[in-house]
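Single chain ahead, by itself, as structure tokens, in the form predicted on its own.
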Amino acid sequence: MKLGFIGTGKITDAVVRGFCTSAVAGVEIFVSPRNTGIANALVEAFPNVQKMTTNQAVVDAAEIVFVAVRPPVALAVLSELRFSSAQQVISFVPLLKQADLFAAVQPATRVGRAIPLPSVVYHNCPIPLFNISPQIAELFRYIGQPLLVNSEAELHAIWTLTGLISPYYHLLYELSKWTISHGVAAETAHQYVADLFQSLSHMAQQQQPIDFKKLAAHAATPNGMNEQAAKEITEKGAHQVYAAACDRLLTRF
């Protein structure tokens, strides 16, 4: 299987490393030369990765082409490339809609969108997929957990949530900083905060069906610490701040 990557930024770096450290077999990977540092590092790390001289060379070599360039330049980059009808094209570009992508890569007709995040490097990442073939869905299973969505509107709503990664880490930072201020060693505080929220997410993943309100209610014993904190944070509107931020992010689509 020959995979090509147009754009060599953080996401391409993570996806390529994810594939190259997974159990997938017989994969050749071709990356564009745009980010020389990342491209060279991938070539040095993995014998099945080649850095091509141009984006067109990537397209010519690949059966499956992944587009991972910045939204403002995506259509301009694609307009300079010639695709074939036999190729599949998968876009990682947030604001590049399906219709525009489809028009830009003709005569290729097997065209879809996906949302891998940097955590694919650890093979632990939900990967929403829209208009994706079973072959591509199975390929993504090597680096994460494919999640098929029914419409582009659903995809955009889910993509909006990826804008909360930085705020999430800021929250963990503030909680860890508070813990340190109360005498806990920094290394211990950081480790506990990271592990605590990972374990809570893991617990939610085990529920069938997942019910966040039920989990919250179960943790909030009468007169307990969780009940007290949940009431205070809710009354101050902290949760609504996140929803409002998502509303504004969604308008960018």
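Residue indices: 1-based, along the sequence shown. Predicted model, so just to flag it, every value in this text is computed and none were measured.
Absent from the display: the form predicted together with a small molecule. The rest refers to it.
*Asks:* When you measure heavy atoms, are 2, 16 and 57 every one within 4.5 angstroms of the small molecule in the predicted complex?
*Replies:* No, the candidate spot makes no contact with the small molecule.
*Asks:* Taking 4.5 angstroms as the heavy atom distance cut-off, pick the stretch from 127-135, 142-150, 69-77, 170-178 that is near the small molecule in the predicted complex.
*Replies:* Result of the contact check: 69-77.
*Asks:* Indicate whether the small molecule has at least one heavy atom within 4.5 Å of a heavy atom of residue 103 in the predicted complex.
*Replies:* Result no; residue 103 lies far from the small molecule in the predicted complex.
*Asks:* For residue 118, is any heavy atom within 4.5 Å of the small molecule in the predicted complex, or not?
*Replies:* Result yes; residue 118 sits at the interface with the small molecule in the predicted complex.
*Asks:* With a 4.5 Å heavy atom cut-off, would you call residue 112 a contact of the small molecule in the predicted complex?
*Replies:* No, no contact at 4.5 Å.
*Asks:* Within a 4.5 Å heavy atom cut-off, is residue 35 in contact with the small molecule in the predicted complex?
*Replies:* So residue 35 counts as contacting the small molecule.
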